[in-house]
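Taking the form predicted alone, here's one chain by itself in structure tokens.
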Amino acid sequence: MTTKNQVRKNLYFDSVTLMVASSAMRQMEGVINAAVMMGTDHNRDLMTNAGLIGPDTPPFGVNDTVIGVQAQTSQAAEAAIAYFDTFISGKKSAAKTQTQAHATSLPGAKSQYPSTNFAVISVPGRYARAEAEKALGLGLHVLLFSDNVSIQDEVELKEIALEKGLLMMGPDCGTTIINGTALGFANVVRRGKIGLVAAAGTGLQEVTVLIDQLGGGVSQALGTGGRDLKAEVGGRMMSLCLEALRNDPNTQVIVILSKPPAKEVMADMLKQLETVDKPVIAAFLGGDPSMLAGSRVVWADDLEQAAKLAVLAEQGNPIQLPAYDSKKLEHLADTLCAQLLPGQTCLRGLYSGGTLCYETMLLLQKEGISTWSNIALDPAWKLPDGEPSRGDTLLDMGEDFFTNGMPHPMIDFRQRVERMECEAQDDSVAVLLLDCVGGYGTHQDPAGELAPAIQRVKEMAIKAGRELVVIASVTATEGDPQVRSTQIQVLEQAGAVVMPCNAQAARLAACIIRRQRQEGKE
């Protein structure tokens, strides 16, 4: 085996481009492993741990592109590096030969297309404010996908937007649907009368997908960025979005999705909502229903409930859910527990969606199961970045530690697959929980990426004399490029138990773990 690496100084490529190139290089004959990354400290550690760079690698910094290849022969490694050069040259040539003019700046794009009124910005966080300010200055609404933006910059950008009457969604805003057009990570859902505003990207995806499955439809789905309802930001964009939905003639029902707002933000929001003459459903995940006492807003315990209540309201039915029947879930849990050994009493969850991870933590907590996590509910249960899992652990692999210089886990599955194999080696693990998120912007076949890893971890468990239950949910519709039913079929063929939604996947996992622990006491 030979290892070769090169550094391209002051050469920047977006993470998606580098992910596609790296994936293609790994498929080449004679190549064992390959990665092309920007030279951040986190990526340096990843490539070092993978054996792709070492002491002989030329020095590099955050603005440099680093290429590392492990191959069976020197010729195979060189061929992989040559492929990268050809790949990048091809993208540059394609851009130059486009029939439409290729703008190199926001002002240039605006001058070529004067009617444009929206900008989607995805650049490294240190450049995000400058680009967002340019867009707002040009009179453009902004969806700021970038993370690693300071909260002070967020507040100041949103102040500029409010002065101009513009949407400033983000930073770290992953999902939006405006007049049927999906932006960022969003799904193909039918049009309808339900308008949503969310400080939760995958939460917004999950609810819009469930609305579609239940026969409802979406008018608008607006993201604010995850920090908008914090006291420092003051719900600036949530307020503007609620006003937009109130005035939208196509919206008859409003849904709010977020973690609990700061107390003063909640008070202001309730005052605003009292003036709204449309049904309002709120899923403040982890909040206390009493915060809505005396208001017209209907409380939803989780994302599944939010979708069901919204569809009932859209259809003109009473906004009240029937009692939950857990018998079918308990029967499935009994069947799965019969495959496990008494010592398997722990669960691990590896999520690409932060809100889905958070919802699962909350549902497990209601069942008496506290979890370690990088986004822990209680600081005492915070799992430090980079540390191995312990006991019951849920990880949001879309957090900054995992995405700093790396593609989002909805796009690149390498880190999640590696972690799956690591978790499967722990004899105490009974359940592995996964989300599988489709739609625009995500991987073209997420189930296809997860399925081989699911098969491997189940085989690893069997070789160790035990079974491993893998539970998944699919956030996608039949209209998505990935096709929901196809994704479910691929996961089930790999040996996963696929539940209708994230909440039900969490409930099944909790049921299994409770039974396993009770069995151990008897």
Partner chain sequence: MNDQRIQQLFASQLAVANVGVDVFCDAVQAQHVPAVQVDWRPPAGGDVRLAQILAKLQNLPDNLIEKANREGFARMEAGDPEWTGMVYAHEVLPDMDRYTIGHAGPPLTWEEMCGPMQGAVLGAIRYEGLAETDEEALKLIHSGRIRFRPNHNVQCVGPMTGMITWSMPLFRVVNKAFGNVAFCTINEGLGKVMRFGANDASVIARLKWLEQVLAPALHRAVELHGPFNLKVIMAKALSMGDEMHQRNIAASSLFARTVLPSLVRVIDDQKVLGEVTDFITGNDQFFLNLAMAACKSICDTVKEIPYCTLVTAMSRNGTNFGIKISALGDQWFQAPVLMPEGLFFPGYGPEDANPDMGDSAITETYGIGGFTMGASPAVVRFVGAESVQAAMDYTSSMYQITQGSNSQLTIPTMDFRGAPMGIDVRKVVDTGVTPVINTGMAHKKAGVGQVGAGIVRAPMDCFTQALEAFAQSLHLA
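Numbering follows the first chain given and starts at 1. Source: prediction; values computed, not measured. The term rigid core refers to the most C-alpha atoms you can superpose between the two forms while keeping them within 1.5 Å.
The protein also exists as the form predicted in complex with its partner chain; that form is not presented, and the subsequent description refers to it.
Using a 4.5 Å heavy atom cutoff, P107, L183 and P249 all lie near its partner chain in the predicted complex.
Figure note: of the listed segments 380-388, 344-352, 206-214, 131-139, the one touching its partner chain in the predicted complex, with heavy atoms no more than 4.5 Å away, is 131-139.
Exactly one listed residue, out of T116, Q72, T86, Q152, brings a non-hydrogen atom to within 4.5 Å of its partner chain in the predicted complex: T116. Just one of L312, L166, V276, V297 comes within 4.5 Å of its partner chain in the predicted complex, counting any heavy atom, and that one is L166. In the predicted complex, V497 stays away from its partner chain, with no heavy atom inside 4.5 Å. Using a 4.5 angstroms threshold between heavy atoms, R126 counts as touching its partner chain in the predicted complex.
The shortest heavy atom separation between F145 and its partner chain in the predicted complex is within 4.5 Å. Contact annotation for E421: none of its heavy atoms lies within 4.5 Å of its partner chain in the predicted complex. Taking its partner chain as positioned in the predicted complex, the residues of 232-252 that bring a heavy atom within 4.5 Å of it are, in sequence order, S239, L240, E243, A244, N247, D248, P249.
With the core superposed, E459 shows a C-alpha displacement below 2 Å between the shown form and the other one. With the core held fixed, the Cα of M37 is displaced between the shown form and the other one by 2 Å or more.
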